[in-house]
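Single chain ahead, by itself, as structure tokens, in the form predicted on its own.
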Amino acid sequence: MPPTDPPLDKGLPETGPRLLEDVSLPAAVLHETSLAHNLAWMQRFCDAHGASLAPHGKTSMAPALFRRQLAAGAWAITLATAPQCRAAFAHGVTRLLLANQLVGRANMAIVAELLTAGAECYVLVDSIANVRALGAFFGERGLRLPVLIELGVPGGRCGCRDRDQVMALAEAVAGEAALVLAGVEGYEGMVQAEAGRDPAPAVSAYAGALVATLRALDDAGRLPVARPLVTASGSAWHDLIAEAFRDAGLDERVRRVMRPGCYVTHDHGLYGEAQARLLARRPEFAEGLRPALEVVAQVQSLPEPGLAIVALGRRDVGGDRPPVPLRRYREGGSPTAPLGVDGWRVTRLMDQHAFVALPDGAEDVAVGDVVAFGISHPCLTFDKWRKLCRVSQDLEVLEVLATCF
């Protein structure tokens, strides 16, 4: 239910639970029906492929969503920074996968505190220098830190570039009593195909390279844990990663971990397009994920024919692509009687304003109209909001979710 204390953040219920008249707009909105569908869809997908799900929490940094992901069956929550790990642990997440190198004594101190408090935390390594720094820091504190070797790609981000680097790094980890090598990690989003080529084969090949690397480490006796991990998967290629891991003939003791994050809300842009490609590859999936995150704002001004200024800007939505007008309502109107936005197009975003080009004949637009916008790339919109509204099908606020950015 909406909070009873006076709201101090933007986009919250002020006079009641009704989105179309009681919420201060703009507001970030999560549609419960689509949210529940996505949570169940991805968990079923991972279960069907024999994989564990460790969704990337950096997408939302919303503890209420972490709890629902775990309740749906997630094995862990992935995070990008040590402070994010601390925030998740503070809200009850006890198994954490830090999908980054842990660098800097202050960040190491955060992870040390988490281990001391009982967290299970994995971090990445890709250099001997980092291994030595981690070994010294955690050794001084009598702690043992599980690490995963990151396998990168040429021209990509972090990660070892070849097998020789991987094996040398594994030897360095074995020489540090405070560290234990727990598996191999990668991120297929850095894989590039030749211009004009479908990247899917290269992504599958990269997943195969992760498996081959894990096997090489195991054959060399460098994986002294009961259940080593092999992990990858952002939100665009999860089908290829899951299938490559499933079909690799891995021993059952290997835990295959998927780390998509944006699936929880999906979007109308970047990941909508990625899913269209997935459904083209996998027509047996009758339905995929549904967009659950929208930003809702009001028409502020109609200063000239063919132009609406909507009170929505870069402080409210991610800027990698313009937001997409989806539906429109009269303020205080019925949620079951949306008005048209055919031909509406956002042409420019400022800090707090969106310039919307209107088609010829758009004469029923009024100042105060409520417009729902689809977004592209959930990560870049979530971090604009300290609070989001979870709404029912009839656009009543069911819950206010806090974020921890």
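Bear in mind the structure is a predicted one, so any value in this text is a computation, not a measurement. The first residue of the shown sequence is 1; numbering continues from there.
The same protein also has a form predicted in complex with a further copy of the same chain, omitted here; what follows describes it.
Note on the partner interface in the model of the complex: the residue among 326, 248, 178, 80 having a heavy atom within 4.5 angstroms of a further copy of the same chain is 80.
The single contact residue among 284, 252, 304, 194, judged by any heavy atom lying within 4.5 Å of a further copy of the same chain in the model of the complex, is 304.
Using a 4.5 Å cutoff between non-hydrogen atoms, residue 298 counts as a contact of a further copy of the same chain in the model of the complex. In the model of the complex, a further copy of the same chain stays beyond 4.5 Å of every heavy atom belonging to residue 118. The shortest heavy atom separation between residue 331 and a further copy of the same chain in the model of the complex is within 4.5 Å. With a 4.5 Å cutoff on heavy atoms, residue 50 does not count as touching a further copy of the same chain in the model of the complex; it lies far away. Only one of 37 to 45, 24 to 32, 334 to 342, 66 to 74 places residue heavy atoms within 4.5 angstroms of a further copy of the same chain in the model of the complex, namely 24 to 32. Heavy atoms closer than or equal to 4.5 Å to a further copy of the same chain in the model of the complex belong, across 232 to 261, to no residue whatsoever.
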